[in-house]
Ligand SMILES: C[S@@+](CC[C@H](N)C(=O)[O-])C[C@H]1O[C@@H](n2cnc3c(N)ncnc32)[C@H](O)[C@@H]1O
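Below, in structure tokens: the form predicted alone, a single chain.
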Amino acid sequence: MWYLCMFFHRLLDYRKAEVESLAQLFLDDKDKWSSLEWRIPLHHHPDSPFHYVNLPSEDAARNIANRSILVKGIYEIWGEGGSYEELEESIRSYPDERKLPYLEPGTTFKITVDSFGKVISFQDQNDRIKGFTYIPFKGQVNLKNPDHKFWVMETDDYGSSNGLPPVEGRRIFFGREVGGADRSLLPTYQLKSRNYLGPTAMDAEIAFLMANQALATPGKLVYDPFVGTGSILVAAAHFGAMTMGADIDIRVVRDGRGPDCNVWSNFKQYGLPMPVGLLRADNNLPPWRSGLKEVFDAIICDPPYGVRAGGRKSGGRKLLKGTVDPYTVPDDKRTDHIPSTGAYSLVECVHDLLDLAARMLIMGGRLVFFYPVLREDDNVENHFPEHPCFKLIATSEQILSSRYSRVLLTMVKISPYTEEIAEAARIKHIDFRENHLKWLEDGNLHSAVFSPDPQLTATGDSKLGKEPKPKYRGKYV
């Protein structure tokens, strides 16, 4: 059945991908969730918040809407039109057997007027509601906790001057709400009230989206190899998943900012189950015993790009260059020892991440991570990392500046990890490294992001054309 899905008008590239991922959780038939049907209402732009989606049942629509972060509501549409006269005709022609169960005596209802691209005064909203007397409601009005919620949703031909996706003609929808997102999650988990934060803490909305892409549910084990202050794992734990994290900086995972301000206190703040473990571990030298495979149901992470925090790996600069020999830490200094680390380029980091996921994810497990791109590249998708074990199933872009954006990649494991697969992945990595953009191989994304825009410099703006002064980029703690 076709339902109208109304999205919040933000993170446009993430919207359909989230719904399609959640469909896998609530639809048993793979053929139904693997290729959802979408269509755009009449006169609407692809970026419009209104989309029709074909779902097999009302229960599936409700579950998807209630779990989603970006779906404002999913509605069974009783009628639509370009005017209220057309809307009335459409509602009257909607089958009575679909309408009557929600109009019976003893039920309560509420009608809400909503709009996109314009503001409707309170008086006009009441006038519109009074115009629906032709619908034979026999129940009582209940504005606080009704049994059935009905919505009137309007868009208008407001042109394109207000920055919103254009609508060629007025469109009005009337329908019954099937389900809607719980937006109280975001105020509850907002970063400004978080107990323990770092400079790379993931925004709560994005963290919940990543958890949805990874299909975090009770009984699943989710791992973050760049855990930092645990923002991503907090979102996964909210959905009931068991969590586990690692970070190369022992001061983050062990100490935090004191006994009551650390990663563990973030989980305690929200009453969430504690992680099963937090490791001081290096993504380049994973701590897992030889032969250990298929442990995690999902891996969710935000690898270090070198913008707010640079990637680090064990060894130290001199050790990695071979100017000093490996050393052993004396037993009496192990407790407070902070291991040396050296630079870790993003291309190497991503290769190690894919290898880790190929080895440690179960079949069908998901790898969800952010990946930086330069927007002037016309063939960005050609620079996405690949691995023989994985199939890329979703990409969602978030624009961060005029030159730089990051893409949320969702991959699913489709084949077991073998030595042959590992060798094929190594060859792919070599080809990827040799043919990739120079800034990625050098790990110099910070310069690529913050260097002056050549087009702006050409305009003669003296301030923008100046050589940027080098700035100290503090080490992430």
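From a predicted model like this one, the values you see are computed outputs, not experimental measurements. For the two forms, the rigid core is made up of the largest set of C-alpha atoms that agree within 1.5 Å on superposition. Throughout, we count residues from 1 along the sequence that is shown.
Below, we turn to the form predicted together with this ligand, even though it does not appear here.
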{"query": "Phe208: touches this ligand in the predicted bound form, heavy atom cutoff 4.5 angstroms", "finding": "no"}
{"query": "This ligand contact at Gln213 in the predicted bound form, heavy atom, 4.5 Å", "finding": "no"}
{"query": "Proximity of Ala281 to this ligand in the predicted bound form, heavy atoms at 4.5 Å", "finding": "yes"}
{"query": "Non-hydrogen atom contact Lys313 with this ligand in the predicted bound form at 4.5 angstroms", "finding": "yes"}
{"query": "Segment that reaches this ligand in the predicted bound form - one of 385-393, 290-298, 75-83, 218-226, heavy atoms within 4.5 Å", "finding": "218-226"}
{"query": "Of Val71, Val368, Met202, Val350, the one that lies within 4.5 Å of this ligand in the predicted bound form (heavy atoms)", "finding": "Met202"}
{"query": "Contact residue in the predicted bound form, from Leu87, Leu361, Ile248, Val178 (heavy atom within 4.5 Å of this ligand)", "finding": "Ile248"}
{"query": "Arg62 C-alpha relocation of at least 2 Å between the shown form and the other one, rigid core basis", "finding": "no"}
{"query": "His429 C-alpha moves between the shown form and the other one by 2 Å or more, core aligned", "finding": "yes"}
{"query": "Cα-Cα trend for Arg280 and His429, given that in the predicted bound form the distance shifts by 3 Å or more", "finding": "closer"}
{"query": "Note on Leu409-His429 C-alpha separation in the predicted bound form, which departs from the shown form by 3 angstroms or more", "finding": "farther"}
